[in-house]
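This document opens with one chain alone, in structure tokens, the form predicted on its own.
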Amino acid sequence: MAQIVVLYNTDFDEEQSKQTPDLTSVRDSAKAIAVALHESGHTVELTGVHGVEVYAVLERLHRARPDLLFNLCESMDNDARNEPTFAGLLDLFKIPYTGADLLALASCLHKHRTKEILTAHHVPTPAYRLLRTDADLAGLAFDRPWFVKLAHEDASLGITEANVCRTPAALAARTRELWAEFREPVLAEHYIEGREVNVTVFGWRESLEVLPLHEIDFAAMPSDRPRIVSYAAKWDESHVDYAGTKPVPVQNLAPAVAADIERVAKAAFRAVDLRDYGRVDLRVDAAGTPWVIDVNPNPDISPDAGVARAAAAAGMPYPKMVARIAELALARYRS
């Protein structure tokens, strides 16, 4: 059994929590992970970190030399863009840790970079355009709708039904609204009508395991709303989108399509060089072709999150799932 430190960020100021509510769950997730590791027989320390105190914490851990740090640091100094920086500091202090490194985290934080990597590795992903100024809006062909999203955010921040744009005017209007509200670039990509499948992958490089596939059930979504996972679908239980987007195990999927989804998800995981665990989100069009729309390093692994649901479907109880992630990280450092 190993000595493991579960480290999480504690920068939960009120304004940051309003902007990114998933940060408020980090503490509870860290506690659940610590309990799971303890139940699996590991010696566990639970530690929070905030701001410049990170240096003192890392110096202490460097001296203590734990076998592994379970990295749940999603932000530093109230800024989620510092998540990759923290992973870089762990490398600098030579502290072994779970999950993605600086380069993978940074690549996924800048969604157009993820698209460039996927394209370079011949992983199918919708055509895209990074929109920074009005000049970038020019020349977009509308042979199909476009979907717009913030270039550096997750948790569906900024996504409403208006993000599915079927005319140049709609795309320009929604893009300018996002620029004004969030002060960051917007990624536009071809909108893929079809099923949305979430693929949880464990492992590293050539040794990958795909957990049972899940998808978003849009059956309860009103017919006049697009089949997307909006911000309200994740965070507003009173909203129609929340009721209309239920994650469920995939059913009635042709074996060949399921195999293709798994192949593409593994290719995306490898292309970005994720480690230990991750989630790849895809849309599957009417022809059965899977298209990668998002790659998620270090996804939420709290007991009620999608990764835990996929693990349970594979017959992996929560403590076993958490221990499995730790085992994969430990084996990677020992290889």
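In this text the structure is predicted, and so the values were computed from the model without any measurement. Numbering starts at 1 and follows the sequence shown.
Heads up, the form predicted together with a small molecule isn't pictured, but that's what we're talking about next.
> Based on heavy atom distances of at most 4.5 Å to the small molecule in the predicted bound form, which listed stretch, 89-97, 259-267, 183-191, 203-211, is the contact stretch?
Every other range fails; the passing one is 183-191.
> Could you spot which one of A80, A106, L72, I228 gets a heavy atom to within 4.5 Å of the small molecule in the predicted bound form?
Exactly one residue meets the criterion: I228.
> Of A162, A172, A220, A155, which residue is found within 4.5 angstroms of the small molecule in the predicted bound form when only non-hydrogen atoms are counted?
Looking at the other structure, the residue within range turns out to be A155.
> Does the small molecule come within 4.5 Å of any heavy atom of L61 in the predicted bound form?
So L61 does not count as contacting the small molecule.
> Heavy atom to heavy atom, is K234 within 4.5 Å of the small molecule in the predicted bound form?
Answer yes; at least one heavy atom of K234 falls within 4.5 Å of the small molecule in the predicted bound form.
> Is there any non-hydrogen atom of D281 lying within 4.5 Å of the small molecule in the predicted bound form?
Heavy-atom contact with the small molecule at 4.5 Å: present for D281.
> Although the partner isn't part of this model, could you tell me whether I293 comes within 4.5 Å of the small molecule in the predicted bound form, counting any heavy atom of the residue?
The answer is yes: I293 has a heavy atom within 4.5 Å of the small molecule.
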